[in-house]
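Have a look below at one chain only, the form predicted alone, in structure tokens format.
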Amino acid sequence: MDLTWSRADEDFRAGARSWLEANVPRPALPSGDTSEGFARHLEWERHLFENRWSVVSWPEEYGGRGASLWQWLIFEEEYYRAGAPQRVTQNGIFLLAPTVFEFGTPEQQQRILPRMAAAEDLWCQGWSEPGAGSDLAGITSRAEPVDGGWALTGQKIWTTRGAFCTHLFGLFRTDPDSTRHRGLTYFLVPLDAPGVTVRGFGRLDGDEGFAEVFFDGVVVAEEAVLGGVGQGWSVAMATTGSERGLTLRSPGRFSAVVTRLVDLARRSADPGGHPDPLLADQVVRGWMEAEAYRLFTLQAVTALAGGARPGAESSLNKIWWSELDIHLHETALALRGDAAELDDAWMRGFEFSLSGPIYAGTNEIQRNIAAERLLGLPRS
């Protein structure tokens, strides 16, 4: 693996850095999981799109720059280095879009992708259900054929930013006699359709973007199916591969956090410039793990560029970044000591990091996948 960047890549980095430094909102925006913050984030996302920085690796016809995956990683590094806002469109751009590129018809791609890139259609993920959280194959929401389409019935829960979004992608059972991962179909649903009820609810941190979504005979057309009737499990696995693997949590995110952590450690040293040795070890460990994640991702991109498809390695990826996030924030709070609770940035980051081992498939499930599919161990 060649770790040097080409002249074109370095020019791309310089252009991204220059634009971000001149345009990133100051001061930082409110949380994108509140109604006020979400609206402010959308202004930023649309500004990104107008300047063709929203989806740099997409083809130009959909609003991108046709950049390589390497350049996408470079942009992510510069994005987080500049302290740019969290992407509230991430569930669409980073999870659904790769699936639409792989499984969507040309008509679906033309209809969905440009509006997604422009932050006009805002997508949330309809995976979890009451009684089927990490067990995606255990869903009971169903879709029944009707004249010209399908009628959807059921409930989704823990829908991130569902209270603010316009569309939902999710799985429904189209074969009533099927069990587990069979007989599922992947649907794209407008949330303003008759029969949809979106009920937002608050989190312990006060953010209000979570929602539960109810479907009461919601009729959608045939073109709402992505990837074919009964093929939902295969299509969903492509989405979860993006969620756990390359796109949802790029290395640039953690490189930026560890840079802040190193700076905090230096400022927390005693008057002689000597940090607490135990905490210094934790900072070094965090830096090493963030760098390991960056190198692992470069290896994954190298494989993808050679024609490989994401596999069970994405489960290892998800375990790594979610536990790394907790470690970095725990170390920061330890460095802050008694002032930790007053440090809103590090505290909120820590609170959010605790959800990492749960969303995108719990780490317990990811360890089972890695054991069975990568190590060849028997099912537990």
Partner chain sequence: MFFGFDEDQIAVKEAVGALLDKRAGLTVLQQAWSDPAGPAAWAVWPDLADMGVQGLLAPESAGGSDLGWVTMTLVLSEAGRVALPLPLAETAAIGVPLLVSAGDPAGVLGSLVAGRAVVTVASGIGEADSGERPRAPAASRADWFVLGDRLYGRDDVVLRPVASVDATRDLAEVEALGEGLVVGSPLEFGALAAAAVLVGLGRALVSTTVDYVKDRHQFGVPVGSFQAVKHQLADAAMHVEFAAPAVWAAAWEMDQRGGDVGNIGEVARSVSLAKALASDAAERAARTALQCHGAMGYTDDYHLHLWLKRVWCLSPAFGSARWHRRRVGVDMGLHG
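Note that the structure is predicted; figures quoted are calculated from it, not measured. Residue numbers count along the first chain shown, from 1.
Keep in mind that the form predicted together with the partner chain is not shown, yet the notes after this line are about it.
Chemist: Counting non-hydrogen atoms within 4.5 angstroms of the partner chain in the model of the complex, say which of 58, 44, 352, 53 makes the cut.
Modeler: In short, 352.
Chemist: Heavy atom within 4.5 Å of the partner chain in the model of the complex: which of 118, 235, 265, 257 fits that? Just give me the one.
Modeler: Contact check passes for 265.
Chemist: So, a 4.5 angstroms cut-off on heavy atom distances: do all three of 8, 23 and 93 pass it with respect to the partner chain in the model of the complex?
Modeler: None of them does, since no heavy atom lies within 4.5 Å of the partner.
Chemist: Using heavy atoms and a 4.5 Å limit, would one call residue 176 a contact residue for the partner chain in the model of the complex?
Modeler: Looking in the model of the complex, residue contacts with the partner chain do not include residue 176, since no heavy atom lies within 4.5 Å.
Chemist: At the 4.5 Å heavy atom threshold, is residue 342 in contact with the partner chain in the model of the complex?
Modeler: Residue 342 belongs to the contact set for the partner chain.
Chemist: Would residue 39 sit within 4.5 Å of the partner chain in the model of the complex, counting heavy atoms only?
Modeler: No, no contact at 4.5 Å.
Chemist: Within a 4.5 Å heavy atom cut-off, is residue 150 in contact with the partner chain in the model of the complex?
Modeler: So residue 150 does not count as contacting the partner chain.
Chemist: Just one of 108 to 116, 93 to 101, 222 to 230, 201 to 209 has residues with a heavy atom within 4.5 Å of the partner chain in the model of the complex, so point it out.
Modeler: Checking each option against the 4.5 Å cut-off leaves 201 to 209.
Chemist: Enumerate the residues of 280 to 296 that have a non-hydrogen atom within 4.5 Å of the partner chain in the model of the complex, in sequence order, or give none.
Modeler: Contacts from 280 to 296: 280, 281, 283, 284, 285, 287, 288, 291, 292, 293, 295, 296.
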